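Form predicted alone, single chain, as structure tokens, below.
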Amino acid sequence: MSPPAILVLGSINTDLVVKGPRLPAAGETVAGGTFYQSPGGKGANQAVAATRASRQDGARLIAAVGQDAFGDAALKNLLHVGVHCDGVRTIPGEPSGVALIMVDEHGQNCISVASGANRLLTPGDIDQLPEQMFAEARVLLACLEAPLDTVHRGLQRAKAAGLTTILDPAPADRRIATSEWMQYVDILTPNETEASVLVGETVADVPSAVQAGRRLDSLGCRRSIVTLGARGCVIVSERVTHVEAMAVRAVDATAAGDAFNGALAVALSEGCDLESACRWANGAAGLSVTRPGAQPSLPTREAIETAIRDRGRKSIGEPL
């Protein structure tokens, strides 16, 4: 097998999920939900998404876990999927990350994260990674569930090594909306909420997504892709392209962004142009929302290709 083409820098969490009829308002209790536990964390999710979508060897993950049962189970699961975990640091005396997730009957969710060991991954840890790890890769995919200075250092090393860099700015933090950050970002992939935070204005439709993308590109990133859920995504570069989503029956949108970003990284690593890569990533995201859970919902390459091929015949979520 060839070495991993994709490095993923992010987090490892365990998701504790309650699915109920609706999301509670502040101070409200909503009864009648069901509970399940699932491996998660944006870094781990994106590494699994990329591994399942790739025809080559699995993605390599750079992250941290605690020395506890949650961390042990997470690493075991990642290795089983085929993710390379030699970039994962185990930190004694610290809990592993946990995410509390509520999902309503329409698949919408809200998430609260206790970062645990994820917050202790340092720029020094990035500096200690071997040069070969970057030299063998073609794409770095990062999110903001690791400390900001650590992510910044990862982007710097990736650009110095000639990698394409993708930053999923989640959870959103307006401190990254600067040229100091964006100069190291080839592709920025915020959703509507994240784009709104980064530009300080509401992003709720295609025109406002285009405006936000142009503002972000002016800071120095090469291209922005603003994801719009059921409305697909908008690519803002030298020209603007609206890539429509596939029709789906949503069950759980928890890992839709991670499915999109993992598949996008794979497509770009294989030489696809950006519009084709986004169509493929939309297919992966569409499939993911038809299934419950984070990592369990992430589709295989075969499933993505089948769904895209059959797009005109059926909606994703119907039997193929």
Ligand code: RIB
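The first residue of the shown sequence is 1; numbering continues from there. Not measured: the values here are computed from a predicted model.
One more form of this protein, predicted in complex with the ligand, exists but is not displayed; see below.
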Have a look at 85, 199, 246, 111 for me and say which one sits with a heavy atom within 4.5 Å of the ligand in the predicted bound form. 111
Is residue 254 a contact residue for the ligand in the predicted bound form, using a 4.5 Å heavy atom cut-off? yes
Any non-hydrogen atom of residue 261 within 4.5 angstroms of the ligand in the predicted bound form: no
Taking the shortest heavy atom distance, is residue 281 within 4.5 Å of the ligand in the predicted bound form? no
Residue 294: heavy atom within 4.5 Å of the ligand in the predicted bound form? yes
Partner-facing stretch of 262-270, 281-289, 36-44, 59-67, counted where any non-hydrogen atom is within 4.5 angstroms of the ligand in the predicted bound form: 36-44
If you apply a 4.5 angstroms heavy atom cut-off, which residues in 84-112 are near the ligand in the predicted bound form? 99, 101, 111
